[in-house]
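This document starts with one chain, in the form predicted alone, laid out as structure tokens.
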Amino acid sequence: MKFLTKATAAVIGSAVMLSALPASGQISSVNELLSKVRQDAAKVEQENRQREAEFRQRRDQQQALLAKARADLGALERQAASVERTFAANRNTIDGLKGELRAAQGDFGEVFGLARSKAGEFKALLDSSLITAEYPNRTEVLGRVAESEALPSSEDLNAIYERMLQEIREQRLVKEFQAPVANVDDGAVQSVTRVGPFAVFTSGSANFLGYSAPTGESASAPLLKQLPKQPGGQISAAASDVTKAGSGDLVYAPIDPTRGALLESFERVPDVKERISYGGTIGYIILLLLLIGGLFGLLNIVRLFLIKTAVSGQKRKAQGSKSNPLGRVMLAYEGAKSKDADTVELKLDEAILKESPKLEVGLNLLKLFAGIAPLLGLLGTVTGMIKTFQAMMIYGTGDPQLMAGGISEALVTTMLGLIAAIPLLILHSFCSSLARSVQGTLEEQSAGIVARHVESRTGV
């Protein structure tokens, strides 16, 4: 029974395999199929043997490399041990030589130690002096003496007091010399003027320069650079006077007792534009009101002045003109002079009332701008203080700079509000005065016209 089952399965499997093979395989029997399977198995076995051989070859190569690396490591460890022994021997030799040197120096060792100490201190002093910009290499010998463990030569010792005398001598001089300036013409050499160790500026444009002490990392870098913001005013004028002065002339010279720090602090002083920007949006609105109100007020003054001139000219003429208010009032009388005195007076009052709005054009607008400006300043004060208290609440009161923005806005907007309100009030007052003057002239001339009209009617 089992045999029959296996035989049936073999026949079915062979049949399935035969049906799976392509028609081009030309396998027509079970023996051919078995032969084909054996050939494929032999081929796969050969490929596996070849792959195994390649793996073994790579393993041998890696083992060889590992052995070579271990050999190199051992050689390096032996070399390091030899270097350490040599270093220790050299250190012992140096310690012995230092001991011999100290014994040979005797009492002079303390003297030379003091010289090295003073050379180091004086080098630091000269490096911070503005005079070093004129003599950039003068502290090299001091640095060599301060850092050397050998005995300084007589030339080196003489250099210490020579540099001291040079510093004393140069501090009393106003000199012009050539030196590179970092941010002018790409670091090109410029003619600069030095006032002792207190200030230095370019000889051509009298722009103040800042000084940076030389560092070991960039020994050839320029030591001078033009300050980004000049002090201006009398300080810059004094520097300009020094550059223009001749030999023997006596002029005021700018002196910075902090030797540059005070002049460099001008960089942090805000100019007018920066101060206005501290006011923020409210500040710009106030300035816009000032600009519009100012232009309108000036134009209104010119208009009222021309009207006043025309009315003054009309007073000398018997015939009225439509080009000025008085002329139009006189024309109104011409139209009603045949009527009685009361009617004439009413007609003239009506003509004057028609002219008054024309004379007062814009006065209320000027008054409104003058009143709004300080109120906007007060609004900016409130918003600025709110920002200040918010900064205090978030960051605390440890850093005043965090609160400076809100305080600046509060104060600047108040200042701008007053700056805008004062001239606008003056313009409004001046315009009102001109308008009232013209109105007074019209009323005066109207009363005269009525009086002459009554006289002509009554014959008195």
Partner chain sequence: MLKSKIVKPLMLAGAAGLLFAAPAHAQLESALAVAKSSTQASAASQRQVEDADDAADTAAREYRAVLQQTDNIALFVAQQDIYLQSQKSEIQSLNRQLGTVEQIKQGMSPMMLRMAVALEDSINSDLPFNMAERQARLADVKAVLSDPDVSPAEQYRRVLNAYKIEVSYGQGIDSYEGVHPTRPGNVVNFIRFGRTSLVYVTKDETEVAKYNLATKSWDVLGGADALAMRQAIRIAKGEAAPAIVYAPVITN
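Just so it is clear, the structure is predicted and the values come from calculations on it, not from any experiment. Positions refer to the first chain, counted from 1.
Same protein, other form: the form predicted together with its partner chain, not shown, and the subject of what follows.
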For a quick test of understanding: in the predicted complex, does each of Y135, N364 and I372 have a heavy atom within 4.5 Å of its partner chain?
no
So if I measure heavy atom distances to its partner chain in the predicted complex, which of the stretches 385 to 393, 341 to 349, 106 to 114, 323 to 331 falls within 4.5 Å?
106 to 114
Even though its partner chain is not shown here, does A206 get within 4.5 Å of it in the predicted complex, heavy atoms only?
no
In the predicted complex, does D256 come within 4.5 Å of its partner chain, counting heavy atoms only?
yes
Taking any heavy atom pair closer than or equal to 4.5 Å as contact, tell me whether R172 reaches its partner chain in the predicted complex.
yes
Its partner chain contact in the predicted complex: R275, any heavy atom under 4.5 Å:
no
Could you spot which one of A188, V269, L295, L76 gets a heavy atom to within 4.5 Å of its partner chain in the predicted complex?
L76
Can you work out which of I426, A404, L418, V44 has a heavy atom no more than 4.5 Å from its partner chain in the predicted complex?
V44
Do any residues of 63 to 96 have a non-hydrogen atom within 4.5 angstroms of its partner chain in the predicted complex? If so, which ones, in sequence order?
Q63, L65, L66, A69, R70, L73, L76, E77, Q79, A80, V83, E84, T86, F87, N90, R91, T93, I94
